[in-house]
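Take a look at this single chain in C-alpha cells; it is the form predicted on its own.
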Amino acid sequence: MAEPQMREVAFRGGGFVLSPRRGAAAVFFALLLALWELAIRAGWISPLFLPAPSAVTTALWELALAGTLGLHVGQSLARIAAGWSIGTIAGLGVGFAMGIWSMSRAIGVPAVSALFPIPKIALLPLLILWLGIGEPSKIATIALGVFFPTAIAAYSGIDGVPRNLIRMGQSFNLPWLAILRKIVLPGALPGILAGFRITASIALILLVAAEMIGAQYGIGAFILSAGNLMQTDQLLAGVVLLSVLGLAIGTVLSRLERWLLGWR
C-alpha cells in the first residue's frame, strides 16, 4: 500500500496582521498636492476661494520671516499643553476612582454622563465672566473638554480588565497596590491611550474656538483675522499649521504607545 503523499499546508494565521507601508502616506499627500496645484493653474478652481499649495507655502514663509509664525504657534502650544495636561490629570484621577471604588462609581458615572454632552465652548462666556478674558478662561475651556473623555476612557479601560486576572492576583495574595500596578493599569492602558488621541483632537478644536473668541495671538486668532480680511492664502496657512500640529501630536502618541505597550 502506497504511503500518502505529504504536502505543505499554507499558513492561515496571518489575517489582520498589519505590516508597515513606509512612504505610502508621503506618496498620497504628494499626489494630492500635485492635483490641487494643477487644478489651480489650469483654472478649474479660483485661487480666491482655494489658493494653490505654492501660495500657501509662500504665505507660511513670509509669516516665518516676519516672526509672527513663531508667536502664534508658541501661544497656541502653551495653551493646549496647559489645558490638556490639567484635563488629563484630573480625568485620569476621576476615571480611576470610578473604576476602582463603588461609591465613586455610583456618584461619578451619572455626573459625568450628565455633564459630558454639554458643549464646552458654550461655557466659554461664563468662564470669561468667572476667570477673565485672559489665559485662564481659555485653558479652563480646553481642560473641561479634555477631562470628560479622559475620565470615561480611564473608567472604561479599568472596567474592561478581565476579572479573572484580578482574582488570580488576589489568590496569590498580591497586595492591592501591586494588583493595581501590574494587572489593572497595563490592562487599561490601551483604552486610556486611545482616549488620549480623542482628547488631543478635542483640545485642538477648543483651542481654535477659544482663540477666535478672545485672543490677540494664537493660530485660531490668526485664522479669524485672515478670514475677516479675505486673505485666503494666510487662512489656509493657519489650517496647515493646525494639521501639522495634529500630526505632530499623533506621532508623539504613537511613539508613547509603542513604548508603553511593547509588552503586547
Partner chain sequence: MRKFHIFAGAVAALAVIGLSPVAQAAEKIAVGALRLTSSGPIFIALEKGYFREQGLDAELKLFTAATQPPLAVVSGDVDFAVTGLTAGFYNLAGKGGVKIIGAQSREESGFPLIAYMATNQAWDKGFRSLKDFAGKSVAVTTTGSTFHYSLGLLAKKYGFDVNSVTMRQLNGLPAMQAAFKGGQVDAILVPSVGARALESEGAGKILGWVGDETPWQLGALFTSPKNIAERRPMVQAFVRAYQKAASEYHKAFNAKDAAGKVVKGPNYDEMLALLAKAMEQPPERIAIGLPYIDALGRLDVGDIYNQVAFWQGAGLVDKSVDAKAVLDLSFVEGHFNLPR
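Residue numbers count along the first chain shown, from 1. Note that the structure is a prediction, hence the values are computed from the model and not measured.
Omitted here: the form predicted in complex with its partner chain. The next part is about that form.
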Taking 4.5 angstroms as the cut-off for heavy atoms, does Leu48 touch its partner chain in the predicted bound form? yes
Consider Val109 of the chain shown here, and say whether it contacts its partner chain in the predicted bound form, taking contact as heavy atoms within 4.5 Å. no
With heavy atoms only and a cut-off of 4.5 Å, decide whether Leu229 touches its partner chain in the predicted bound form. yes
Considering non-hydrogen atoms and a 4.5 Å limit, does its partner chain approach Leu115 in the predicted bound form? no
Picking from Met212, Ile198, Ile40, Leu60, the single residue whose non-hydrogen atoms come within 4.5 angstroms of its partner chain in the predicted bound form is Met212
Of Ile89, Ala194, Ala82, Ile133, the one that lies within 4.5 Å of its partner chain in the predicted bound form (heavy atoms): Ile133
To test your reading of this chain, name the stretch in 29 to 37, 199 to 207, 213 to 221, 63 to 71 whose heavy atoms come within 4.5 Å of its partner chain in the predicted bound form. 213 to 221
With the partner left out here, which residues of 106 to 139 have a non-hydrogen atom within 4.5 Å of its partner chain in the predicted bound form? Pro125, Ile128, Leu129, Gly132, Ile133
